[in-house]
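As structure tokens, one chain now follows by itself in the form predicted alone.
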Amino acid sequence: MEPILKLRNLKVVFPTNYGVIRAVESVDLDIGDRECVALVGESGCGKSVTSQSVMRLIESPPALTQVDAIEFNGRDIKDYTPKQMQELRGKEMSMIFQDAMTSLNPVMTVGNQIDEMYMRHQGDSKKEAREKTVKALELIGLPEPRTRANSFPHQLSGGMRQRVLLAMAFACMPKLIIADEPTTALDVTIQAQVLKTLRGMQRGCGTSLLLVTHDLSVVASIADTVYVMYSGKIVEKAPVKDLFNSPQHPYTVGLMAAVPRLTDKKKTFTQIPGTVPHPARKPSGCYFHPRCEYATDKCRKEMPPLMGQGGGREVRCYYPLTAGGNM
């Protein structure tokens, strides 16, 4: 079965006074029909730039974007005009941003903002749109949906605002939803509720989902396939169970080790040594080699390709690790 989204050889750079920022380098990404794909990595690794490039939201200038293909639902949209993308966004693909307060219009009620989705993309009257809006707010678990529809964003809690974004994203039953750190500003309890709603809506509506996150605990509970990103490059791809059972890239192993566990009686805190390289001054060879205990001269000189490991797994490493964490 053909993927609903095929991203091929995406490169995004930002020329600055401090040098060329290579935000994304030769990224390929596939999302299957009704599949949840997670894009994981530290802040600044290029996750958000990648996701926004799929939606064609990265402006040029300031960015310089090059991509071989953005095939969505059987069409290559990389050369779509702004008008064509406006028709596509919201109707066939939607995005949930991490900061609901800045994503919502502060001078419009949340109901009016959702109404616009139905009026623009489905040709509904104002009355028809409002009824659908109320049902959408009820479906995502917002209490007193008809009353809340008349509220302004600042009158709602952070969790409620995030649910409003979910209702907007799913309004027209798009084929693909991109969720960029959708629970970042929420407390742990509300995060779990929002993620449960997001996963339930995704499955119920038969929508594909690209989840951008740095939180591996989120990935374990919601994703089917995981892409791990480091310094603008994909370093590992695997089905979620395989990734957690036997991570093969040293960076992925480091991320796993850094997750706090209730079973850790010593209550130790593990971190990856060193820091993420500056995007304008990346090291030669494998970008992770300055922080990798397994690095050799070959790693320092040559960038490893993304190599297939079987079972849908790929890893960008000359010396993939075994399930026990050894070469």
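Bear in mind that the values here come from a model prediction, so they are computed numbers and not experimental data. All residue numbers refer to positions in the sequence shown, first residue = 1.
What comes next is about the form predicted together with a small molecule, which does not appear here.
- Checking 38 to 46, 66 to 74, 25 to 33, 290 to 298 against the small molecule in the predicted bound form, the stretch whose residues place heavy atoms within 4.5 Å of it is 38 to 46.
- Interface membership of residue 306, defined by any non-hydrogen atom within 4.5 Å of the small molecule in the predicted bound form, is ruled out.
- The small molecule is not shown here, and in the predicted bound form it never comes within 4.5 Å of any heavy atom of residue 319.
- In the predicted bound form, residue 115 stays away from the small molecule, with no heavy atom inside 4.5 Å.
- The closest heavy atom approach of residue 9 to the small molecule in the predicted bound form falls outside 4.5 Å.
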